[in-house]
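Below sits a lone chain in structure tokens, taken as the form predicted alone.
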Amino acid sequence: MSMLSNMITIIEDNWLLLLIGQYPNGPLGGIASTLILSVLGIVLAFPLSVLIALARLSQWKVLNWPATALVYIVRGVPLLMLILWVYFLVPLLIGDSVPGFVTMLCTLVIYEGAFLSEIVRGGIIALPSGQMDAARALGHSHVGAMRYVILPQALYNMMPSILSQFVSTIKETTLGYVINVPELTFAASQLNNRLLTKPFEIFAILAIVYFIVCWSLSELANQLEQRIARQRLGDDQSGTGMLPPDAPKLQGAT
């Protein structure tokens, strides 16, 4: 009970630090910074991931080979090493210092772009091959068919996987601590340096917060996946195929 009461006291006395860091007297931090960094990382990485996926699916080697090399390199390198590369390389390229938040955001965009590209590529490959033929038969160009027919269906099917990748991104933001990004782990470390005598309680609170946030989003991803599976089953039984609500019903058009 002593440890539990200590944790409750720590939360009561320092909840604002864990929530928003030192803001407004300092940079925004805590849970708010972690979520903002994660959301921006996924949102900015998504367009990049689509381009990489399309390049990997391209017949043109000038697009396919560089995209494939980028994916293999980024996925094969530890995130911490990539953070340090960006941290030291970007200032050299632009000739000026870069805030830790921006460095971490750039790293996440590159890292998540590579991982999301494989999700996007898998979603496109999983669609029936007749979809592209049917779209071309209806007068779409290759680009138009990909934009209006293939990608909407693929992205709809991939939503649970994208949400799961967002959960991973939240956990990956903890590595921003090494370059002084004021996210939740950094706020917990500041709190630990201030109190000194309760490290187990502080980092237990940190673990519980991450568990609650990530578990909630994982459950949302599971429910979304079940909903898509139910709709796919219903569409298969009706013979229309698995399509998002606004996508043209092209299966069987050939």
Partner chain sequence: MKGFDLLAVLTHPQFSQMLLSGMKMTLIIALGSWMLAMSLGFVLLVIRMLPSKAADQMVAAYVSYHRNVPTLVQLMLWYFGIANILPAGLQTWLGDHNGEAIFAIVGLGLCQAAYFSEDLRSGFRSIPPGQDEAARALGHSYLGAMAYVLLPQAFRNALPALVNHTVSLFKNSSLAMAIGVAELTHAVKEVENLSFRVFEAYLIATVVYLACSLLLMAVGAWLSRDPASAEAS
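Remember, predicted model here, so these are calculated numbers, not experimental data. Residue numbers count along the first chain shown, from 1.
The same protein also has a form predicted in complex with its partner chain, omitted here; what follows describes it.
Using a 4.5 angstroms heavy atom cutoff to its partner chain in the predicted complex, none of 40, 127 and 156 count as contacting. Among 119, 175, 90, 146, the residue placing a heavy atom within 4.5 Å of its partner chain in the predicted complex is 175. In summary, among the residues 84, 98, 163, 132, the only one with a non-hydrogen atom within 4.5 Å of its partner chain in the predicted complex is 84. Residue 102 falls outside the set of residues with a heavy atom inside 4.5 Å of its partner chain in the predicted complex.
Although the partner is absent from this view, residue 185 contacts its partner chain in the predicted complex, with a non-hydrogen atom inside 4.5 angstroms. In the predicted complex, no heavy atom of residue 65 sits within 4.5 Å of its partner chain. Proximity of residue 151 to its partner chain in the predicted complex falls outside the 4.5 Å heavy atom cutoff. Partner contact region in the predicted complex: 74-82, out of 102-110, 132-140, 74-82, 119-127, criterion any non-hydrogen atom within 4.5 Å of its partner chain.
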